[in-house]
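One chain follows as structure tokens, the form predicted on its own.
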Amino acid sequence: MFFYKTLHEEILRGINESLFAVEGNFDVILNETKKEFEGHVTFVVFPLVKQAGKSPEVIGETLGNWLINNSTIVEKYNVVKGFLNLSLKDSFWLEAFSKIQQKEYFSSRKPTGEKVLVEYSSPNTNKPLHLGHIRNILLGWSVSKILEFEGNEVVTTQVINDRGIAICKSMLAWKKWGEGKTPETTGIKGDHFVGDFYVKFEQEFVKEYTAFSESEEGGKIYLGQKKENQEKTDFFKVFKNTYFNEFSPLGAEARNMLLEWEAGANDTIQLWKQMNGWVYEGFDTTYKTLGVSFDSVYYESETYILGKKVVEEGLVKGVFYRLPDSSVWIDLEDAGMDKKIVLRSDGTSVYITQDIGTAIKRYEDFGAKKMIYTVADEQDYHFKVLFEIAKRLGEPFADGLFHLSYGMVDLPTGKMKSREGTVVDADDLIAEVISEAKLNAGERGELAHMTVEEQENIFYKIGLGAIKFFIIKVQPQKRMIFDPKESVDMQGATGPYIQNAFVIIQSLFRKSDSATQNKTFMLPETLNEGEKTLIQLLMSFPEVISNAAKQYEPSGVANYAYTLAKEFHKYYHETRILSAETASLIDFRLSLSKEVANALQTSLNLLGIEMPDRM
């Protein structure tokens, strides 16, 4: 970090003059001092032990004393085992703050010339977006914004899974039991409307299965199958696919509909287009509510044939091999995986073939050598295989593929199940959290003077901020529980808590009658610890964003914003801002608050969260 350049140089000089002559490029690594210890910056001395021939404590004391006598920055020090904790002079923090005040400090970086494609959402058209999709969308969107902020050209995309047996189930259910109803005639949002028929199919399928198992003919098959699977406690799960594919009339109708779709039967294609259109309208409404969009959209109905040509070319190169039954495979055992089929014996593609074909198509469309796939961790193995195949094919983008893997999202009440209709729809969840935000605001009574429209706009920003922050603050790899009530807590690590810090700062400026926007005020000679802490956090902003971009990890930005908000809340309650002793001190503290607001707003903007002016 450029703020500590002088300190780096002084520590290196101190090592040379007080301990031993450094050979080569010695890397001076500084960390923020842990809260339980006194100091601002910590230098770890363990790497010096061997060359100095002294204990870590002696090295720390020797170097600390040298810095006290020779450094222009260090005010005092303490040694805790092998850690040299340094307290820096007020002049250092004031100079750093002057640099932070530069207009471009919280602005996006210069273009890098690198293009990155980020895929997220990628839903099925047989059901509405749900809580799991929300985590997917928010992760992908925030990563795209962070990468863009760091100067990359970002292309956002999704693949809509609009074909297959699951889609035919909802189509068949509407055809049999829909009675010609539409989203318009029922007032039900399009994706919810179609999703209800997917659930309806499952309900009717279970009824059919139950009747079959109780019949004389079905009972014999059922008992025979159950005897072979005695160890299975849930026999329905064991026998379900067999029943669907071999005995179920509904299963036969759904499979026949899929064959008609693949053959291009006009009636089936028209029904498919109509129902998908209803779903897309519903999706678009939810995306708009979440504040996300896409630069491009791919459809599985168009991409499922991609990759077959690639397989044929790979066969010539020896990347793939063909078995006597004409199926095509790749052997990945030397990479710690297994043998993977890439083309069935009948010549049809599998998902991995489709995905490699889609990746190549995207590269042709956009020229992005980096592609990020935001997909749940249940597909970890799939992407390992996909990326390894891309490498063996020698694709120019192979080394830039990344799976942004994330864990499932549960509710306090437990898991969600699509087919049983127990999934928490994204729209319902958003409405619930906004309602919680409204309830909290009503109890506080601070918006009573505003119009209904103004209040609703604030509730919307608070509710969406609560959802987004609560989800993004958790590292993607971790499974999480989303609690709507906890997400709007004004005292916890929540979006509303951070938004409130921003609102307080806006209130300070509204209440101030001095020329607080003036940057020519005189800086104070001394700072309190709260001011030093805030300046140090502001200093770390570029590094936080840079690390988030490198690691495709937005939770670091979320937790940085929370820490900054928490320290500001503490500073606000402990320090006189508008009633400080002098006008210059008021101006300084307001200016510091303004930079905190800038950092908070920029950070949350990268997470897709809007700031209200009042709460």
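Heads up, when I say rigid core I mean the largest set of C-alphas that superpose within 1.5 Å between the two forms. From 1 onward, residues are counted along the sequence shown. Computed from a predicted structure; not experimentally measured.
The following text describes the form predicted together with the RNA, which does not appear among the structures shown.
Asks: Considering the RNA in the predicted bound form, which of 536, 303, 327, 213 comes within 4.5 Å of it through any heavy atom?
Replies: It is 327.
Asks: Looking at 362, 255, 473, 532 here, can you tell me which has any non-hydrogen atom within 4.5 angstroms of the RNA in the predicted bound form?
Replies: Here the answer is residue option 473.
Asks: With the distance limit set at 4.5 angstroms and only heavy atoms considered, check whether 53, 88 and 540 all reach the RNA in the predicted bound form.
Replies: Not a single listed residue reaches the RNA in the predicted bound form, so no.
Asks: Taking the partner as it appears in the predicted bound form, which of 200-208, 371-379, 312-320, 523-531 has residues with heavy atoms within 4.5 Å of the RNA?
Replies: Every other range fails; the passing one is 371-379.
Asks: With the cut-off set at 4.5 Å between non-hydrogen atoms, does residue 100 touch the RNA in the predicted bound form?
Replies: The answer is no: residue 100 has no heavy atom within 4.5 Å of the RNA.
Asks: Do residue 37 and the RNA come within 4.5 Å of each other in the predicted bound form, heavy atoms counted?
Replies: Flag for residue 37 set to yes.
Asks: May I ask you to state whether residue 500 is within 4.5 Å of the RNA in the predicted bound form, using heavy atom distances?
Replies: Residue-level check for residue 500: yes, a contact with the RNA.
Asks: Is residue 351 part of the interface with the RNA in the predicted bound form - any heavy atom within 4.5 Å?
Replies: Residue-level check for residue 351: yes, a contact with the RNA.
Asks: What residues, if any, in 31-48 have a non-hydrogen atom within 4.5 angstroms of the RNA in the predicted bound form?
Replies: Result: 33, 34, 36, 37, 42, 44, 46, 47.
Asks: Is the C-alpha displacement of residue 43 equal to or greater than 2 Å between this form and the one not shown once the rigid core has been superposed?
Replies: Yes: residue 43 shifts by at least 2 Å between this form and the one not shown.
Asks: If I superpose the two forms on their rigid core, does the C-alpha of residue 81 end up displaced by 2 Å or more between this form and the one not shown?
Replies: Yes, its C-alpha moves 2 Å or more.
Asks: Do you see a C-alpha shift of 2 Å or more at residue 33 between this form and the one not shown, with the core held fixed?
Replies: After core superposition, the displacement of the residue 33 C-alpha between this form and the one not shown reaches the 2 Å mark, so yes.
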